[in-house]
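One chain comes next, on its own, written out as structure tokens in the form predicted alone.
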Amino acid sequence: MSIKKIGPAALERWVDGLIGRQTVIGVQAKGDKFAFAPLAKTSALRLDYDVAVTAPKAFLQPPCETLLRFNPKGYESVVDEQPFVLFGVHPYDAAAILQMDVVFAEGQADIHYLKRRAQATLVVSDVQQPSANVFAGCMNTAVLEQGGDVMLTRIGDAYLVESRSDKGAALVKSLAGEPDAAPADLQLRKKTWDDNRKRLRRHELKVKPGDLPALLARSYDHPVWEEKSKRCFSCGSCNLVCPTCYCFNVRDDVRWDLQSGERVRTWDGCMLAEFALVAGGHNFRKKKPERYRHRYLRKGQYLFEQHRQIACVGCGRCIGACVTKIANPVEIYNRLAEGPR
């Protein structure tokens, strides 16, 4: 696949053309924060953002979505197959989406996620401004050398645009007349990648990601779970901002006529008090220390055993979202590495 070098004017023309043809979801300023939202004009796009408040997974697995509609005659599945572009996804969020692809395709494949994912074109943009709590450099997700449909990297006043898939090639077709990146440009991109591996480490993990499963396996009874969970509100904020959390609840909403309605899927989270509540009023993780511990074991051990991937990409959103400051994975993992005390 080709790598083009474009200036700001060419970037604007390119994105303008995309907006004119299909839905483009890009990062925009919302006060002093940033969020993914449909783009109406290129001037609103912010590729220099630090971190989006909500992960772009929300456009692949929406917080609330209708799965099917039913009435006395039967039911009809609701599947969203509208094409769209996710523009400006940071490498760590792209890595999370690639993990989600595996999760939703295994076993009984989830057609709602997979159909939407098939219609999405992913434009990944290297981080220009590290956020306050990012530790992607520690999790090997500061850079995405493979994956995504288009890779966008700023070098000086220009951008390198690399198509990485057939969908990506179709998206950058209008840039065919732009110059190819020179070897010196590729060296500058490599320097950006090397720098980001070092810069995106606002919290320094003292163990390797690959060591986490074994570390967690021997830390089941560590006192940190009880200690930290005493300040937990069970609000689930850490779950809801996490790009690799995918748990959901399903309910049937029946209309007033008691004849028709919708089956709806909504986000859920293991830190919520009723997450593990089952029939008969039984709750197999009723206590906060159990839920708090489960969050870390799930991300660092359980999902690794299933998919050979650590389900934490180091975005740091959970750290910022937690009002009692107990959700920093780096702090917990470093504490476990020190042993009980």
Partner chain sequence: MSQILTAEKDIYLPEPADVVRAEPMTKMEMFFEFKLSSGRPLGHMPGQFAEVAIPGIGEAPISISSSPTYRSGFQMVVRNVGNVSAAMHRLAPGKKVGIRGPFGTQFPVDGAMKGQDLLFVCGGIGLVPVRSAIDYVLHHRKDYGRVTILFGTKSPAERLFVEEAKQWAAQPDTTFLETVDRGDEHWKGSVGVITTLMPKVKVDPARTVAVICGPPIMYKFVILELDKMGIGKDRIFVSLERHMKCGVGKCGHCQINGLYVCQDGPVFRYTDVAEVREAI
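Positions refer to the first chain, counted from 1. Values in this document were obtained by computation on a predicted structure and should not be read as measured data.
Below, we turn to the form predicted together with the partner chain, even though it does not appear here.
Student: 67, 220 and 278 - do all three of these have some heavy atom no more than 4.5 Å from the partner chain in the model of the complex?
Tutor: Answer is yes for this spot.
Student: Looking at 195, 101, 178, 211, which has any heavy atom no more than 4.5 Å from the partner chain in the model of the complex?
Tutor: Of 195, 101, 178, 211, the residue with a heavy atom within 4.5 Å of the partner chain in the model of the complex is 101.
Student: Would you mind picking the one in 249, 128, 229, 140 that has a heavy atom within 4.5 Å of the partner chain in the model of the complex?
Tutor: The option sitting close enough to the partner is 249.
Student: So, residue 75 and the partner chain: in the model of the complex, are they within 4.5 Å at any heavy atom pair?
Tutor: Yes - in the model of the complex, heavy atoms of residue 75 and the partner chain come within 4.5 Å of each other.
Student: Flag residue 294 as yes or no: does it have a non-hydrogen atom within 4.5 angstroms of any non-hydrogen atom of the partner chain in the model of the complex?
Tutor: The answer is yes: residue 294 has a heavy atom within 4.5 Å of the partner chain.
Student: Does the partner chain get within 4.5 angstroms of any non-hydrogen atom of residue 185 in the model of the complex?
Tutor: Contact check for residue 185: no, nothing within 4.5 Å of the partner chain in the model of the complex.
Student: Do residue 298 and the partner chain come within 4.5 Å of each other in the model of the complex, heavy atoms counted?
Tutor: Residue 298: contacts the partner chain in the model of the complex.
Student: Taking 4.5 angstroms as the heavy atom distance cut-off, pick the stretch from 185-193, 240-248, 85-93, 152-160 that is near the partner chain in the model of the complex.
Tutor: Heavy-atom contact with the partner occurs in 240-248.
Student: Which residues in 155-177 have a heavy atom within 4.5 Å of the partner chain in the model of the complex?
Tutor: Counting only heavy atoms within 4.5 Å of the partner chain in the model of the complex, the contacting residues of 155-177 are 164, 165, 167.
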